[in-house]
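First comes one chain, alone, set out as structure tokens in the form predicted alone.
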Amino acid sequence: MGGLREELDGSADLAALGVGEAGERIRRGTLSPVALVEACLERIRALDGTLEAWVHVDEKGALAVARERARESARAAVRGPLHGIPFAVKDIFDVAGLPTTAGARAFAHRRPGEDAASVALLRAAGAIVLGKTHTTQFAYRDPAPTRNPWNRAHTPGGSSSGSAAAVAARMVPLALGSQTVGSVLRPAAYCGVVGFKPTHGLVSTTGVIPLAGSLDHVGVFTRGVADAGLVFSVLARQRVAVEPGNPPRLALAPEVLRRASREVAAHVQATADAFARAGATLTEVKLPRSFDGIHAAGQTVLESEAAAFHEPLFAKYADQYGPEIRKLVERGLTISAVTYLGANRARLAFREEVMEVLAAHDALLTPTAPTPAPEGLASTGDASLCAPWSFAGVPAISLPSGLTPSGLPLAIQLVQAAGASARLLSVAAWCERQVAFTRSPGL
């Protein structure tokens, strides 16, 4: 009991624990799931009045489940690798008994009776739903009210705004998000946390309100690569050992680097040089010609599929849609089947052609976003450097890698070929070790 009392007395530090460390302490009996949930709730009460990361905090429900997990731990009945770990859920994912609002007005709200497939997998592994986090409306561009924990005058990114901010602010060690263009990696970069999306289709999107089914990915936010790998192993239902291996073979694409600001490009190049000094092999590569058209092709697919999903609701409630999602649906409704199919062929051609480049290296190293988090809350920033990899459906991860002189996070993005999510995580773990970023918002 002495170890447990130490943990309880140090509850102010419990919210800073990562997924793996908290889980290990729970399994050893030195940390109570109740104490961990209470520490997260304390952070939420202290900070969310100004950050606005959460739509709904299920305090009563989370504590009830935490007490159940504590009783199970006491009799060595651990459910899985996430036993007793609280997590946040982006509010386009269904959670049984909690409202799904999708960042929209009341016409779109519902209270599902079943969990989304990803939520169900995390719960089966012993995790505890803490609540629902803010999303941009229908996971597109109309901003959520959430603010960046590093500087509240700057955007946290989107569309998984609340999930990224909640993990960065130590309100929760793990959050679910979704990415259709840049909605996991970009907010992860802006908020200084790890954002990971595996190969498209590897994690089920059942129970997640779609934006564009051909492009939608379930992704995760954590504060470390090993934690992302632990959660991924649950979501993908496969054993994944995330361990830094030998120095990786990294590809650099100058044409991508040129799309970033001078500040970000210089930071990524300096990070790459540091990796080379640590033993990594750096190779400049040329992306296939189809790269030039991937943004236009992916946008057409996005607009068409979004319009197809929203058409019934849009016919009745168009005036209640936010301006950005309204424009998206309106454009999509004008796209012909011929145009849509042509765009999808172009998208799949890029996917096939870029796969050879990606598979020949351990990862492609790029900026996650062209700039650090922009000032103002009227937009969610630029997703253009995440978009190609979402449109191709390949795995990608964003790692915090430094701070600007003004104190905003900088990040790198690593990309691999489809089907190589576990390989990418191991490379990311090596890169994370070299970067050794340990800063957190001064909250």
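Note that the structure is predicted; figures quoted are calculated from it, not measured. Note that residue numbering follows the sequence shown and begins at 1.
The following text describes the form predicted together with a further copy of the same chain, which does not appear among the structures shown.
a further copy of the same chain is not shown here, and in the model of the complex it never comes within 4.5 Å of any heavy atom of D273. Shown alone here, E305 lies within 4.5 Å of a further copy of the same chain in the model of the complex, counting heavy atoms only. Looking at V242, you'd find every heavy atom of it more than 4.5 angstroms from a further copy of the same chain in the model of the complex. Heavy atoms of L313 never reach within 4.5 Å of a further copy of the same chain in the model of the complex, leaving it off the interface. This chain is displayed without a further copy of the same chain, yet in the model of the complex the stretch 326-334 from 116-124, 326-334, 291-299, 232-240 comes within 4.5 Å of it by heavy atoms. The single contact residue among R249, R105, R111, R345, judged by any heavy atom lying within 4.5 Å of a further copy of the same chain in the model of the complex, is R345. Of the listed positions (A359, L341, A349, A278), a single one reaches within 4.5 angstroms of a further copy of the same chain by any non-hydrogen atom in the model of the complex, namely L341.
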